[in-house]
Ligand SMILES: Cc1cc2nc3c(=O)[nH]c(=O)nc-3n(C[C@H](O)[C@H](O)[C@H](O)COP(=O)(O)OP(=O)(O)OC[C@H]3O[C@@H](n4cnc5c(N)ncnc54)[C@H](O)[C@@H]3O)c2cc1C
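Shown next as structure tokens: one chain only, the form predicted alone.
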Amino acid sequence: MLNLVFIGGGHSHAIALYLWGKKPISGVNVTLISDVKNTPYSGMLPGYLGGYYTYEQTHINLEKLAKFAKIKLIIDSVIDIDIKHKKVIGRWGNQVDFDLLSIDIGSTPKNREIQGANLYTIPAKPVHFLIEKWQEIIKKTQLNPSKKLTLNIIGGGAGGVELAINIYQKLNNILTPNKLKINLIHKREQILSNQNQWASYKLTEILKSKKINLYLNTVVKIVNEDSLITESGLKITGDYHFLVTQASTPLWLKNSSIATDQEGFILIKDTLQTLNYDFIFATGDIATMINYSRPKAGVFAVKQGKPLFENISNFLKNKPLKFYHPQKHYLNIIGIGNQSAVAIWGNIAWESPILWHFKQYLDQTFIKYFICLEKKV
């Protein structure tokens, strides 16, 4: 029997395992290792924070997925991969043998350049920690809605902007007027630095309309429990600090023999195999395609799910592998509250309530396959 091991319950793996459940290959033991039992769908996470969705509506239950796919699920955090002996090492003592391996563990915000960030910030990923802290904030706010609350968000990319808007949407409905203050801190001269000018301008206007304070060209150097200290010496006070900065990778991966780029992301070929080990695949945020420069966005992880399944199946059957060619442009829809959204596609951007409903349709179409798994077993 061959051992096929999936590390991480990311979007690519969720799709690949769903397809495996529909079309398994005999003679293969499949194991999924994940540090959580419920994995979030990133497209619906802002909607959850904004109060539009419940926890169950936005998460994939990996126990149900494992049962559907007839595979083994191990809840553990991977801390090393022994390539020589083909073993995955878990934090809690698990050692899992593999013949074929796939890695989809996402990424976390970069914090090594900010003193105190690991102690006093709430990173956007891992999501289960973000949700845990968010639930604490909501509970405290509901108990004392007349108390002033100040939140700092470090990072003005699409993730930070959408987080700011949805946090405002939820808390503004709980707190009494003028008790909420949100500061969005970004190191560049405009938010959404990697998007087109119109999108940046439009979302800047939306943030200002909600009285969300923008600190542009501002680099955070130190995070204290109740404040941020910038490179220029400016002190920005706050009760909580969210971190939505550039993606980074775990140290154990950087210390492995798997080929990575300078930032520690796994280098993969067009077949989704790693550069130096054909028996290891990688997808999602943790991977960087050597022939394509693409941002770390959930849409690419979703798109890689089916090609990953097909190439793993072909590998096991000794068939030629297919090349995956990621799209050049992708649709980024940012919810802006009041059931409206801004869509960005290449150099085009526009706002409409129709886009909000379109995003709802896309997200719910994706997640329904996993929410209804028990009916398919």
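All figures in this text were calculated on a predicted structure; none of them were measured in a lab. Just count from 1 along the sequence shown to find any residue number.
One more form of this protein exists, namely the form predicted in complex with the named molecule; it is left out here, but the text below deals with it.
Peer 1: Any idea which of 101-109, 256-264, 186-194, 200-208 reaches within 4.5 Å of the named molecule in the predicted complex, heavy atoms considered?
Peer 2: Result for this chain: 101-109.
Peer 1: The named molecule isn't shown here, but in the predicted complex which of 280, 228, 163, 81 has a heavy atom within 4.5 Å of it?
Peer 2: That would be 163.
Peer 1: Considering 313, 42, 31, 61, which brings a non-hydrogen atom within 4.5 Å of the named molecule in the predicted complex?
Peer 2: The residue in contact is 42.
Peer 1: Do residue 159 and the named molecule share at least one heavy atom pair within 4.5 Å in the predicted complex?
Peer 2: Heavy-atom contact with the named molecule at 4.5 Å: present for residue 159.
Peer 1: Mark residue 303 yes when one of its heavy atoms lies within 4.5 Å of a heavy atom of the named molecule in the predicted complex, and no otherwise.
Peer 2: Although the named molecule is absent here, residue 303 would stay clear of it in the predicted complex, with no heavy atoms inside 4.5 Å.
Peer 1: Wondering, does residue 124 line up within 4.5 Å of the named molecule in the predicted complex on heavy atoms?
Peer 2: Residue 124 belongs to the contact set for the named molecule.
Peer 1: Using heavy atoms and a 4.5 Å limit, would one call residue 351 a contact residue for the named molecule in the predicted complex?
Peer 2: Contact with the named molecule, no.
Peer 1: For a quick check, can you give me the residues of 294-323 that have a heavy atom within 4.5 Å of the named molecule in the predicted complex?
Peer 2: Residues within 4.5 Å: 296, 297, 298, 299, 301.
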